[in-house]
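The chain below stands alone, shown as structure tokens; this is the form predicted alone.
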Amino acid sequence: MSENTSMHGFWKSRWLFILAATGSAVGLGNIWKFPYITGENGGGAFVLVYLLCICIIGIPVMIAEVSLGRMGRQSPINTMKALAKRSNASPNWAIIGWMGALAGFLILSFYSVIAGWALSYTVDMANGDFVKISAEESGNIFGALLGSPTQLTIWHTVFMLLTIGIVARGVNAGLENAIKFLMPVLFILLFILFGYALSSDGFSQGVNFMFSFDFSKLTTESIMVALGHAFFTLSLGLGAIMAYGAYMPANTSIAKTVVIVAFLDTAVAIMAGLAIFPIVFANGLEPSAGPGLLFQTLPIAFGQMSAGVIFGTLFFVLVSFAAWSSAISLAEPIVAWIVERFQVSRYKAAAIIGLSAWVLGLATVFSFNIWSDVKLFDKTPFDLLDFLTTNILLPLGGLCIAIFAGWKVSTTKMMDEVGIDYPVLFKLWLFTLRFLAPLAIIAVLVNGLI
């Protein structure tokens, strides 16, 4: 296993890595996207396909990405440079690190704006602004938020400061301490909301919706959505997991640890659905309401419920915490590289990245209002950033990771690193990484471009 050390420090335990990696994976995608894409694609049959996709793409590629990170013990950019040299491969493989760092930086810029919506809604919900509200009034509140550059900029600024403030403090004082607080609170909030949903009139309907297997509703597009979400939900191809892997203790089994992370990430997504859908059904609302489910449909439901102000506020705190834990991991790869490359303090590196991402984030802020008519390739600045990262950089990064780990790194080194004790299981993982995962990622890439 890796003998070299990281200048940035190490996770103090395996469980801290698990919490950190789960925090990176659990974001708006689990609590916002998973419930509504499940709703749009027919419920339980989609969940089953999604779980199969996690096994085919998610776990094998995540094992590879963490392994590369631990082998290199540096930022993803410098890790890939070093590993390409050690493996006698082309130095061009360093592009994996660059793509990941760039994707993370670009996503951080607009993720901060979207997460700012959750912060805004936390305050609005606590103020009782959604009590007995109508669908039209809920839509107007959301529209007013998007239409105000000032409000969006304020919340974008607050969220960016929260994120960079953690990253600046380093692996142990910053990331670890934040994760030790954020993740337990996130799980507690999710259990509280799940418990409330369990007692609601719509719980059986919600369970039926998520777990009734109607394969007639599965289309080719549904399978592509499941493939894509299985890849993106684990933060693959971003460099975040590679950076976190660099801080992983040497005596920890990567394979077993990744399986736990994938399980926790999927459990959060399913529990979020089981917390959300019963509330939606109990209030006679539409489960496949798309992205508006979080910011337009659910506030109506909380506004009609007894103690809705309390549970609605808790829900948006949950969403904010999930976004925060993910955003920290988005900033880490590029901040780590700046520290290594320019020998500056983490505070200075984090400030540079935070300010740069904040400035770029203004393009997303203005995409919803004063620049809404500004189009490049028929897309607003926000849509363009989202398309470039989600449809091109992430799948391309994941594909390159699978190919490099599967074909360029020696099989002996990979076997030693990943910690799969049984040769048959290792061969199955390697076959999946070399053949099945790349084919699935290419399908995601082509589907996204088309």
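The first residue of the shown sequence is 1; numbering continues from there. Worth saying up front: this structure is predicted, and the values here are computed from it rather than measured. Whichever C-alpha set is largest while still superposing within 1.5 Å between the two forms counts as the rigid core.
Below, we refer to the form predicted together with a small molecule, which is not included among the displayed structures.
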Answer for Leu385 alone: is it within 4.5 Å of the small molecule in the predicted bound form, judged on heavy atom distances?
no
Against the small molecule in the predicted bound form, would Met242 count as a contact residue? Criterion: heavy atoms within 4.5 Å.
no
4.5 angstroms heavy atom contact with the small molecule in the predicted bound form for Val418
no
Going by a heavy atom distance of 4.5 Å, is Leu399 a contact of the small molecule in the predicted bound form?
no
Of these, Ile54, Leu28, Met414, Val47, which has a heavy atom no more than 4.5 Å from the small molecule in the predicted bound form?
Leu28
Of Ser138, Thr233, Gln74, Thr364, the one that lies within 4.5 Å of the small molecule in the predicted bound form (heavy atoms)
Thr233
Name the stretch, out of 423-431, 19-27, 436-444, 6-14, where some heavy atom lies within 4.5 Å of the small molecule in the predicted bound form.
19-27
Would Tyr111, Leu238 and Leu330 all count as contacting the small molecule in the predicted bound form, using a 4.5 Å heavy atom cut-off?
yes
Flag for Val409, CA shift 2 Å or larger between the shown form and the other one after aligning core
no
Core-aligned C-alpha movement of Ile420 between the shown form and the other one reaching 2 Å
no
When you overlay the rigid core, is the Cα of Ile37 off by 2 Å or more between the shown form and the other one?
yes
